[in-house]
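The chain below stands alone and is given in structure tokens; this is the form predicted alone.
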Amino acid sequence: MANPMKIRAKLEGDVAEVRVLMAHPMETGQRKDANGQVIPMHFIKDIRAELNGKPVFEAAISQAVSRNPVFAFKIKGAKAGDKLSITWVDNRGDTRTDSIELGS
């Protein structure tokens, strides 16, 4: 199972500024290991954020993103107590979902 994401959200009025750290190797398929063998591609390909079950952010990314990527975005219409869920899916079909409750 993948490591938990670190999700931080700061509320200012009705806008939540969100930062998410995703622990993932993000292998490009171009590096080689110590034996000279190509390390297979392994990267996050889809990210989705939901606020109280409704989608507020979606992204399709590729192997061109660094290891343990950080994403930041803003959500308008957020309030304290709302549930924010972030889900990623990688090219191997692995998935991870973590949630937080927005604070005041």
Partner chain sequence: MATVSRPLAYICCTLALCAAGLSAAQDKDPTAAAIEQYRQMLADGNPAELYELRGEELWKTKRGPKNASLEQCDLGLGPGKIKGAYTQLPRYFPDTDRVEDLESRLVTCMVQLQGFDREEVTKKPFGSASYQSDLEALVAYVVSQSRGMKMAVPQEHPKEREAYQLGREIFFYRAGPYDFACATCHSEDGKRIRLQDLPNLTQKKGAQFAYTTWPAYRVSQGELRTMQWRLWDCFRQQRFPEPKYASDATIALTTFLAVNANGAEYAGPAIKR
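Just so we're clear, the structure is a prediction, and the values are computed from it rather than from any experiment. Positions refer to the first chain, counted from 1.
Although not depicted, the form predicted in complex with its partner chain is the subject of the following passage.
- Contact with its partner chain in the predicted bound form holds for all three of A23, A64 and N68, each having a heavy atom within 4.5 Å.
- In the predicted bound form, its partner chain sits within 4.5 Å of a heavy atom belonging to T28.
- A residue is said to contact a partner when one of its heavy atoms sits within 4.5 Å of a partner heavy atom; K83 fails this definition for its partner chain in the predicted bound form, lying far away.
- The closest non-hydrogen atom of N3 lies within 4.5 Å of its partner chain in the predicted bound form.
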